[in-house]
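Taking the form predicted alone, here's one chain by itself in structure tokens.
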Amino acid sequence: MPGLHHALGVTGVVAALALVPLLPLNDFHLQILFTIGVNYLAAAGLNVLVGYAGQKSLGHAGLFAVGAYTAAIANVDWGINPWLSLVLACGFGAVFGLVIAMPSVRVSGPSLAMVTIGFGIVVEKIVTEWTDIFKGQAGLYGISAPSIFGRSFTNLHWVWFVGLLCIVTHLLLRSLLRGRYGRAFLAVQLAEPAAQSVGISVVRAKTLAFVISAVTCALAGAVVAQQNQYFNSDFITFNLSILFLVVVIFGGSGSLYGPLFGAVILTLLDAWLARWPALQHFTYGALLLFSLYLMPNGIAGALANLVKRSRSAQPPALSPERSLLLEQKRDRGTGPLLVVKDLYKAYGGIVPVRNVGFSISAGKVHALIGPNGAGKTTLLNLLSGHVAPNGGSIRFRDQEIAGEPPHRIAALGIARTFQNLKLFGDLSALDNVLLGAHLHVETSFLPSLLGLTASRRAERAARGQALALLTELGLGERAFEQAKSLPYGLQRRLEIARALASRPRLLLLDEPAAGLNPQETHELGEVIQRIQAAGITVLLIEHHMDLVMGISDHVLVLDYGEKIAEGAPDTIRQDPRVIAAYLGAEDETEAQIEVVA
């Protein structure tokens, strides 16, 4: 009962805050509690970026400074109310989150680290050197703190206030991350091509994660500036960025509770080590290495493993929603669905697709065959947008899609699987299918963030449909198992289920029978025929000729990037060019026998 446990946990935190006045705490202790809350605020948003979207940042001290200086300048120089100054700080944080996201979302690894470090350094230099506005090391004095009914905040009030901000932040992020947006962030981290294939814009998801992390970090900075009633450039150091990152990773990135564990432990440790600055910095580095190599899931992950209990393998009752496969019934003999003309792709002197043209009829199973290296997967990548063509035309439902990004092509109704499995392995089979339905979960950002009834209703409906689809494909009993723990044959079927969840008009299957035994291959053929019966057009790349000839209505043959034949399976079976392409032309009779077999 995770919901009940969470409610009890939040109630416990509220009770602990209410009991603070009864404890023998002095101002130093209250300041430590306040700092724990500030560090949690900064780390909670950073956890979305690092733990969910998989984007490491070493420049969040700059965003902390944006919030602090916005609140300070808005109050001191512009005369804005402290409460409105906090709101303005969050707004400026969002803007600067967009600024840092623009270059960051297009790079990864060391380049991403350099971009975020550069942002932090630039902000530090600006606030230090531009003394006319930011006052440098002299700083801004006389920053007004919020008040209620004219009563200024005491240290106890600041603990309560930051505690309230932490609880609200936790509840909002929990609502957001347990639904459509949280799955999208995880998909981007685990497998970008697969995320794009289900209609997720990788750039948009990463940008949103940067903005969320920037808002909470800017809010933390603004609260510190108001509580101190003073702020200067000495607050902004690279060590602060390292501290925030260590809080997330050590506490447990990707866990809603990781930032809390990290904030409590590291704030207390930081206070104890404050008299030895050199040892303090060494400790941060040691903890970061310890977390990365010996405890990759952090404190939260270690605790989760300790308290993990066996759960019933029986899935919950399905909702009355019908399966996405059963409700299709769309395209049946309505003419060409996809028309390709003179499609061309070259990598230097290598030309895997050379002036290929063909059309795909709606409601049919089309097969794309050819020897290894013929350009089949490249052609599929061109159709799905994962590779941009050098020339030619691809028209899907009378709309030109050549060169469009994969997430837009997916939104138009083209879904695909991959030659090398690209499942979201750390997620459950159910979550994989829910990601396939990403575009059809009818909830937007604000309702998801606020946990509105409409958002919860849409999530329940999507889960019901996903469970029904899994059941129809024989995966219902494995719905709550990790995708990577499933047998290989079921993983192949799960990838098809994820593609079907996007409600495609055209399904591209890239060697779905690769690695399957004869029984699994036979079952796959039955699944593809059921997909066709639902009115979904299929384009299949496959080397199992018995499967191809048994279920296909039309066959295309590629060799060295060129189309050498197309037609009905019986015609292709007898075509001498196809026989020669597969087995050579020296003994055509023997080759023909092999192809027929």
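This structure is a prediction, so every number in the text was calculated from the model and none was measured. The first residue of the shown sequence is 1; numbering continues from there.
Not pictured, yet referred to below: the form predicted in complex with adenosine-5'-triphosphate.
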> Which residue, 352, 385, 163, 504, has a heavy atom that falls within 4.5 Å of adenosine-5'-triphosphate in the predicted complex?
Replying inline: 352
> Of the residues 233, 85, 378, 196, which one places a heavy atom within 4.5 Å of adenosine-5'-triphosphate in the predicted complex?
Replying inline: 378
> Heavy atoms within 4.5 Å of adenosine-5'-triphosphate in the predicted complex: which of the stretches 171-179, 470-478, 370-378, 271-279 has them?
Replying inline: 370-378
> Does residue 511 reach adenosine-5'-triphosphate in the predicted complex, with heavy atoms at most 4.5 Å apart?
Replying inline: yes
> residue 29 near adenosine-5'-triphosphate in the predicted complex, any heavy atom under 4.5 Å?
Replying inline: no
>> Residue-level contact is defined here as any heavy atom of the residue lying within 4.5 Å of adenosine-5'-triphosphate in the predicted complex; does residue 543 satisfy this criterion?
In response: yes
> Is residue 78 close to adenosine-5'-triphosphate in the predicted complex, meaning a heavy atom pair under 4.5 Å apart or at it?
Replying inline: no
> Using a 4.5 Å cut-off on heavy atoms, which residues of 401-422 contact adenosine-5'-triphosphate in the predicted complex?
Replying inline: 419
